[in-house]
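In structure tokens, the next block holds one chain alone, the form predicted on its own.
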């Protein structure tokens, strides 16, 4: 009988882990949301489309580059943007750095994750709230104490602060988990009835409030309706996480007006999303955490750094460790 493994979180780390382990164990992935990909997220509203989380990802290792290129061949990924300029109060600074392939999901950012997850058993809208020891394994339950099943091994790929709340204090990696620091971000989404050409497809922003702007229609496979995605600075978001949403939106719009010389406060569509755990400020510094005796583990980008590829590397390293364990069982 195969070992049963529960993976908490269907972001890129959870999906990578599930793909790598599915031939060696009975794997079930639990995802609290309706969609997959975690911060590789997309939102559609009234014909507008916004990649309101991760904007693109790079692939610097040959192994992950192969995954990204295979996704392009399968129609789950594309290349964007060709350049990332810098927007300052006194104008636009052109990107002169050597080009590096940047990848996005198709037809939306979450498409990359969806393509990778095709053959996985994923239980969506299933929030794992508690773990209870049961013999040599663990029983999972949700917020309403509904039994989600018993598993031999449990791996959390949720952000470190959420993993800490879930995994018992006796977990061998608990001290390392507590060293992780993550910061938030606000994403402002603007939909316009008329075309707009700001002179760039994507730009980093040098500003006390804002850090990024993207023109969504410039991405392959997206809606042609004019949509802008704007990220706040992480330090500004951290200082304003609990602030009234209307005040946050108004201040972000004011900063955008100062930078682009246009007031977007009466746009056809305005929305704001708060990411409580958007950026890895302090990583664990090791690829994964695993407690052999308890049969509990954790992995994610927060183990190694603030990149999509870091999540893949973390999950790959843990899957190799688990496969060795499973073969010896």
Ligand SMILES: Cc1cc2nc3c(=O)[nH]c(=O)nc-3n(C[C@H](O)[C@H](O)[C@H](O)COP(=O)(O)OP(=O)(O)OC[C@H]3O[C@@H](n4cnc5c(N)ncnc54)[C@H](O)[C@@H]3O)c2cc1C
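Numbering follows the first chain given and starts at 1. The structure presented is a predicted model; accordingly, all values stated were derived computationally and were not measured.
Below, we refer to the form predicted together with the ligand, which is not included among the displayed structures.
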Candidate site 105, 202 and 219: all three near the ligand in the predicted bound form by heavy atom within 4.5 Å: no
In the predicted bound form, residue 210 touching the ligand (heavy atom, 4.5 Å): no
Residue 8 within 4.5 Å of the ligand in the predicted bound form, heavy atoms: yes
Partner proximity in the predicted bound form: residue 40 to the ligand, non-hydrogen atom cutoff 4.5 Å: yes
Partner contact for residue 306 in the predicted bound form: the ligand, 4.5 angstroms, heavy atom: yes
Interface residue in the predicted bound form among 92, 177, 166, 139, criterion: non-hydrogen atom within 4.5 angstroms of the ligand: 166
Answer range among 83-91, 155-163, 192-200, 242-250 for contact with the ligand, defined in the predicted bound form as heavy atoms within 4.5 Å: 155-163
Stretch 36-73: residues contacting the ligand in the predicted bound form, 4.5 Å heavy atom cut-off: 37, 38, 39, 40, 52, 53, 54, 55, 56, 57
